[in-house]
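The form predicted on its own is given below as one chain in structure tokens.
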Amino acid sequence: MSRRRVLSIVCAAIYAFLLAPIVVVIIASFNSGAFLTFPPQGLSLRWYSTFLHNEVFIQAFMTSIRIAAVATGVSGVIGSMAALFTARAQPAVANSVRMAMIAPMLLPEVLTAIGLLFYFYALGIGLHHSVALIAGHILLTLPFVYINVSTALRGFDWSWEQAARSLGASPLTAFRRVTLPIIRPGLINGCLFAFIVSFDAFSTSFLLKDIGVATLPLQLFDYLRLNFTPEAAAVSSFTVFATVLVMLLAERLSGSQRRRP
């Protein structure tokens, strides 16, 4: 057996090991029985219907969507600006900014959340109006936008933007017509990762949420403490399907931008 074939088998085994829990949850979500078991006692869409008519889960789902959308939007702006700055700055300054931007990815999520918890209480803001929660999600997602936009800027020739300026374009027009099309695939991919990370964040949401606010992971956690029905698997599977759909859409968008002349 060739070395390449052995490597392919090993990679396939690793992928199968990593995807097996997701496959089990998806299959269990179609269980027609009253308890979460595997293999399922029968196939049914009963628990998907239950989930879609459960106002508590739907409200938590919409809360996760809103928080992830706000965090992604702010991270997209700040991360892109930081990437553009470090691409032009002196090496010493660029390295300092780079370390600051990727630090939330290197530090344990729970420590970042605890630090923000103490900080907002020291300011007298506390956890009201979900300010701390959104700030935590922004910190959590910033590195993904920054890294992807920085990667898209590698090899970018700033003389292209200067040429546009010399032809009479304003700084904003030069950015919109020259720089933005270059970084758009990285920005789309970075925002995609940021949205998924924010949507699935548990520790940050658990420590920084206000009273009466629950994201979908937190609501699912509370549900599983008292219930063990296939509805939990249906909620998880629905999240997986939505994530895959967003990834396919983002890949299609970024791919079309790369093919555009």
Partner chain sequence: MAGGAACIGLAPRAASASAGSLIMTTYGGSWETFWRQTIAPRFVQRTGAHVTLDVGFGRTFSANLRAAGPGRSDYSILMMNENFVEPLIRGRYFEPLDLSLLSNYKDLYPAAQSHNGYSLIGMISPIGIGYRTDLVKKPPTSWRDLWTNPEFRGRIGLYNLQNSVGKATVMLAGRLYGKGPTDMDGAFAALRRLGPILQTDFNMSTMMGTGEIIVAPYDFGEIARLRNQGLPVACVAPKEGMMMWDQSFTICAGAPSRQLAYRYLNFLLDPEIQLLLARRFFVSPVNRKVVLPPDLHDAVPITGSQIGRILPADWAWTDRNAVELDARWSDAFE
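Quick caveat: nothing in here was measured; it's all calculated off a predicted structure. Positions refer to the first chain, counted from 1.
What comes next is about the form predicted together with its partner chain, which does not appear here.
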item: Partner-proximal stretch of 188-196, 23-31, 204-212, 232-240 relative to its partner chain in the model of the complex, 4.5 angstroms, heavy atom; value: 204-212
item: Non-hydrogen atom within 4.5 angstroms of its partner chain in the model of the complex for each of F17, F144 and T179; value: no
item: H128 within 4.5 Å of its partner chain in the model of the complex, heavy atoms; value: yes
item: Touches its partner chain in the model of the complex: I65 (any heavy atom, 4.5 Å); value: no
item: 4.5 Å heavy atom contact, L43 to its partner chain in the model of the complex; value: no
item: L36: touches its partner chain in the model of the complex, heavy atom cutoff 4.5 angstroms; value: yes
item: Residues within 4.5 Å of its partner chain in the model of the complex, restricted to 212-232 and counted by heavy atom; value: G212, V213, A214, Q219, F221, D222, Y223, R225, L226, N227, F228
